[in-house]
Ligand SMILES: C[S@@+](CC[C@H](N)C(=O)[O-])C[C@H]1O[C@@H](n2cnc3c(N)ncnc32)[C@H](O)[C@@H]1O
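First comes one chain, alone, set out as structure tokens in the form predicted on its own.
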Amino acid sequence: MTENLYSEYPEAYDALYAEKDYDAEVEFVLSEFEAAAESTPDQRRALVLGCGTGEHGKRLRAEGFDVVGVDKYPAMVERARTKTDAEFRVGELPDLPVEESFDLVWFPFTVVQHLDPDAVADSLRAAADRLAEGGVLVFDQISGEDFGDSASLRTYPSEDGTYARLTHVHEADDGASRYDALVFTPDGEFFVDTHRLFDHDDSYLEGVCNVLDLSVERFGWYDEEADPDETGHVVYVAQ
């Protein structure tokens, strides 16, 4: 898998997702955390798994959390470190480079779907093992049915110029949605990027959480009012 966007071009990643509503996602998670967590303000510690270039961690840090972000790609971690004084480490699920416990553990933006099906249970267990007493675990999933077998071309203006991405989404042999893309940079260069997202069975994800003694509530995509069964995009909040 040539996940070059993550491994080699973190600045392009930020340009492609500059319009992503990170603020709304963090606001939703904080709302659920405050409603469910038993921690006091001076115990607010957050672990962001698959932290990417640090946008979620930066916002959690601004909200007063002690933040540790973990990502498998050193390039993403290096860029995240330029944005905030949160701590970022290189590591890959399910073997996490952390021993501490956290009041909030979050897999943002399809991180769980990047995991092969046989790695999901161990990864959720690793996350649950880092939860403090009364802590909250959040992860999400988008439905691949929304994309089908489709192609798209989009442009993304940035301070450095305009990026463009030509993407073809199709079903892979292993049942995942495969995203094959050509990304064109403002300097006239281009690179290939490929990744897969698995649609993990909803009852399986909830069952894993139940085995880990976590109760689960489902929401639409970072929206307390949205019906996940209608949107197909689900946020799981477990404690």
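Note that residue numbering follows the sequence shown and begins at 1. Computed from a predicted structure; not experimentally measured.
The same protein also has a form predicted in complex with the named molecule, omitted here; what follows describes it.
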Distance check, Pro108 to the named molecule in the model of the complex, heavy atom within 4.5 Å: yes
Residue contact check: Leu137 to the named molecule in the model of the complex, 4.5 Å heavy atom: no
4.5 Å heavy atom contact, Tyr156 and the named molecule in the model of the complex: no
Partner proximity in the model of the complex: Asp71 to the named molecule, non-hydrogen atom cutoff 4.5 Å: yes
Single option in Val183, Val67, Val29, Cys51 placed near the named molecule in the model of the complex, where near means a heavy atom within 4.5 Å: Cys51
Contact residue in the model of the complex, chosen from Arg165, His114, Arg79, Arg130 - any heavy atom within 4.5 Å of the named molecule: His114
Heavy atom contacts to the named molecule in the model of the complex at 4.5 Å, residues of 84-105 in sequence order: Gly91, Glu92, Leu93
